[in-house]
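This text opens with one protein chain seen in two forms, each one given by itself as structure tokens under the names structure 1 and structure 2.
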Structure 1
């Protein structure tokens, strides 16, 4: 399980700024996938090798009424889902009544709280923190979310207590090691449990009602065609008879934990409902985490041809960033096309774990560049020289060249699509990592002979005038 950090504080203390910094690897991905918008609230962060989940919340100040009251409820919900809270305060504004209210809220609902004194760039850290000791929260850390000062020190301290648990073997058992891990995610009532039961088979007596905490997911091993699978379910797989009466509470954190644990994600949509905002943001998070993906539109039965066409168009229009994933329409209830799912999952996993040689990648890069050269930046052409594989699941393609940081997003997408086609990477996100090689002449200043030195001085005199 990933540790979950909630960022709380009164309005305008910099929660979202910190959230963006912690989840920033996402920005590169946003650039690479057209139509992917930022999910403002949940994200994956990574400190060194430790991944974690971070939740941004709305500012609370105390005394909220009406709609604002509902927002406070959301913040409380976030605190309950989180392992730790980071309370942000503003070093420049000093301690306010609203901050004290937030601290109270954290004391009541958070398991553990940290205090981050934000906007402390250029301030003496001791002085910045001094005023906030009265909150009673030990060891405040002065940070600057916008400049990045001491942000990693803060997260390091926050995550320290989780380190041991996370560094150990992630998988629960040997069974888990040899099996392909699949997570079924989706909004409540899209038919996840019905689908899970279908995949597991009618005859199977599934007893996974142990409640656990709200964040826990359960994993059920099963076999098909001599292949071992592990189904990670977020809704709680119930006995068939009980599937209908589910009133699940949707927990994004739970979905994120399942996504983290899985190798391939089956994202389920309700075709009757179309594509909702929540679907889109969940799909975005799957992509962000780099998981291989199969998109399933469920409840395809009982829909008119025009409705079906409408849903297909919707899916294309709202999730252009998922054009790499297979989209399968099924009826979990009747079992229609459910048999297509595992083969699609296998294809996605094979693509996600594909090995690509440096020679082949570089050749693909060269042909793409020859056909469509990268643009000039201030008169100098961006050079892309060679490529090699930097990781699997998801595939990471590292490209070396010059001025690669100036490469336009559209060009990144062009390259990704090219690699996709050549290496048959359907079903998996692909990451580009652009590296600008150091100028080989950098730091190697020519040592001038005394004669050259004199000439240089003579010439410089003219330059100055």
Structure 2
């Protein structure tokens, strides 16, 4: 399971800035005034060697009332669902009463805590940390979230205890390693557990007509046609504003961990409710993790032809970024078209793990460039020379050339669609990595011959001073 890190602290100490630094995104809004963050923000950490989930929280100062009191509850829930809490303090403001209140909160609810002394750029690290030893948290780390100073060292130290667990997860049973891992995700009450029971052929999961019945991610191995599978049924992910029960708040992290663990994700939508904002956000999260995907519209039975047409149009309109994924309409309750799911999952996994030779990729690149050449940049044509495979699940195609950093997004999409069509990469996202070769003559000037020097001096005589 992915470790979970919660960022806590009083207002305006740089929690959202550190969140953006760790996730390499701009998901958390950052501004130079306190109280901007009011809800928990989840993200996948991209800094460090071990994958993890990071949670941004609102600022806590003590004595909150009204909406601020509800915001503190959000922070407490984040501490309870996290494996590690990073307490942020301000090196330039020094230790305050609000900082001491946050430390007490962490001692009460967090499993383990680290102290990060932020805004320490340009300061002596020993002097910046000296005042905060009185909190009782050993080995505070001086960092600068905005400049990135020592942030990598902090996260490596925090994740060091999870290295053994990570290696232990990799050495799981051979049966689980050989099985195709499938995660079923979606909003509450869309029929995930019903679908899981239908795939398993037994009532393995509790099914009830009430959102939030499933509270944890449950993995069940099964076998079909001599092929081993590991089916992961997850708790429903809903908007955090609608998450009321503490136990359900834990389920969100479990579902995110299941997405990371899976090789193929089945995203279940409720056809009667259409495509909601939360569905789009969840599908975007699966795409961000590069997982092979099958989109399923459940509860298709009993719908009129016009309603079915409306749902299909909504899915096309709101998820144009998922044009690669197979879309299947089913009824998990009655079993209609459920038999089409596992073949679609197999096709998506085969596409995600397909081997593509350098020769074939380069030929595909050359045909695409011949049909539609890259645009000119300052009068110079972008040259794309050759391509090779850089990874699988999802497929990564590395293209070498010159001025590749100036290649427009529209042309990148054109290349991805061309590769997807030629190599039949249906059901998986494709990532493009562009590499620009170094010019060996960059910064060097040609040395003129004696004859060229004489000609240059002769011409210079005619230049007006």
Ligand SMILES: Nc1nc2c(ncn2[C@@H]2O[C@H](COP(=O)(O)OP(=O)(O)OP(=O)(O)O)[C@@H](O)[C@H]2O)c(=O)[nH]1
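Between two forms, the rigid core is defined as the largest C-alpha subset superposing within 1.5 Å. What you see is a predicted model; the values in this text were computed from it and never measured. Numbering follows the first chain given and starts at 1.
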Since only one of the two is the form predicted alone, can you say which one?
-> 2
Core-aligned C-alpha movement of residue 48 between structures 1 and 2, 2 Å or more | yes
Flag for residue 132, CA shift 2 Å or larger between structures 1 and 2 after aligning core = yes
Rigid core fitted, is the C-alpha displacement of residue 92 between structures 1 and 2 2 Å or more?
-> yes
Aligning on the rigid core, what is the distance the CA of residue 454 moves between structures 1 and 2, in angstrom?
-> 9.5
For residue 158, what C-alpha shift in Å is seen between structures 1 and 2 once the core is overlaid?
-> 3.6
